[in-house]
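First come two forms of one protein chain, each written alone as structure tokens, so that there is a structure 1 and a structure 2.
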Structure 1
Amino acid sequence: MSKPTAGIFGLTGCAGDQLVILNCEDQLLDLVALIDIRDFLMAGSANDTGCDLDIAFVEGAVMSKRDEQALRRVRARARTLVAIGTCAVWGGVAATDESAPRDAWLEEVYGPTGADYDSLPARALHEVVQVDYQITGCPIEKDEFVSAVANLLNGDAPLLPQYAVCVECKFRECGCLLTERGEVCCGPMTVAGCNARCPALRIPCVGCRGPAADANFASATAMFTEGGVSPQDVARKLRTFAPQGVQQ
């Protein structure tokens, strides 16, 4: 029986999510034994760029006509498309301020040649094509990726957290940076999955994984206000990584 075919692709971004996949180490050997990775430019130069794919994993935001064309080609090839990383899922840092004077910035940075650059406002993948599943994170977590692949191979949707980072903070018995120190921590509104890595090190959460579906935003806003933190300050932090999520 042939193995499911897969491709791993990058649009405009830091390629950190692809690097996480390569850093799966021993688990990567298990993955290769279960799926036939046909197209993965970061891992090798001998790729089948035209074959049909059972699963395509795509990172990065759509920030140019070239990105859009590449994404549409991948979507046409793939039976299932999975957005990986905060840029692919939410637009990422590049989408923070869509009202910015893009043409003026291009001219300021690149001079007269900036007008000829293939540059568009950042978009998440689902704004361009249909996305079947998403794995958020900046970058994604290795364990979440491996678990998602296992779920997909079993014909199931990936099981990913919907609750907030604060839940993981409590599991780790971390002190609350908001109530104890009055710091702007986005943990109450940010989707878990990172094992509260930053708050456990006494670093406030900046919302890099995007908003949690199960977050109680009204309660969190009231808690921030009571702690002397402006809800606008929290919104600004959340918009840094997931502007579209905050707008919704």
Structure 2
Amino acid sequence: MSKPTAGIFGLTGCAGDQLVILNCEDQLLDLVALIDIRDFLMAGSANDTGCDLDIAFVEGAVMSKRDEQALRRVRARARTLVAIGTCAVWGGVAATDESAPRDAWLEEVYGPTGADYDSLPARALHEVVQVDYQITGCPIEKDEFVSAVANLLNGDAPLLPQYAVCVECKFRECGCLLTERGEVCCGPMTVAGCNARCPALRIPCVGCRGPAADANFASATAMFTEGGVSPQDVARKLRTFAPQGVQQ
């Protein structure tokens, strides 16, 4: 049986998720032995940019007509499309404030010619094409990526946690930043998988992975407000990485 073909792509984003894949040093040889990576611009220039793909991993948000066309092309080539990273899954930081006047921004950044610049409000991949699986994270976790590939090769859906960061924080038996120190920690609303990296270092969770299943934003907002944070600040904090998730 021939190896499954794969492509790894980036839209508008920091390329951090693609970098995580390249940083899977211990598994890279296994990965290339198991999947035939045909199209991965960040890793090499000899790409087959037209072939059919069994799996496509796409990072970044859709922020331009060019992104949208690129994503549609990848979708047409790929049997399975996997969104990787918070930008691809939720829109990410670029989607934070869509209410601002875009034209004024473009002009401020690019000068008088800015109006012609190819720039669209940030969208997650699923707002543009059908997405089969989503691996969130800013950036994605190596472990989650590797086990997702193992699952996909077996024909299964990737198995990813849906519960909150608090669970992993408790697993590690860290002191609670919310109840013990009254900090604005987004752990209870944020989906786990990072092994509570920040809270374990005594840094409050900023919610970079997007919301956990059935996250209760209304109650969380009331909790932080009661702790003396203004509702506007709470809303801004919660909307930073996954504004769509908060609206849900």
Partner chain sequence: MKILKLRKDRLDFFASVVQQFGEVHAPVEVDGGYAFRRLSRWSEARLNYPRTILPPKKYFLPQRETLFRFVPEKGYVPSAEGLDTRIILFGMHACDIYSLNILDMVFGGAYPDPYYQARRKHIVIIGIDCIPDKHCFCRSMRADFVDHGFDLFFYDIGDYYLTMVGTALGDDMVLATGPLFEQPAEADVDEYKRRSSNKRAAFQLEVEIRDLPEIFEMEYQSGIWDELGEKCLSCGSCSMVCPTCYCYDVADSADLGTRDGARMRIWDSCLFSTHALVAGGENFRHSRASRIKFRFYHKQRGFVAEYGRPSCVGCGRCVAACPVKIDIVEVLERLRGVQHAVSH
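Between two forms, the rigid core is the largest collection of C-alphas that superpose within 1.5 Å. Just so we're on the same page, residue numbers count up from 1 along structure 1's sequence. From a predicted model like this one, the values you see are computed outputs, not experimental measurements.
- The chain as displayed in structure 1 is taken from the form predicted on its own.
- Superposition of the core reveals a Cα shift of less than 2 Å for Ala15 between the two structures.
- The two forms, fitted on the rigid core, differ between the two structures by 2 Å or more at the CA of Met223.
- Core superposition places the C-alpha of Gln232 5.4 Å apart between the two structures.
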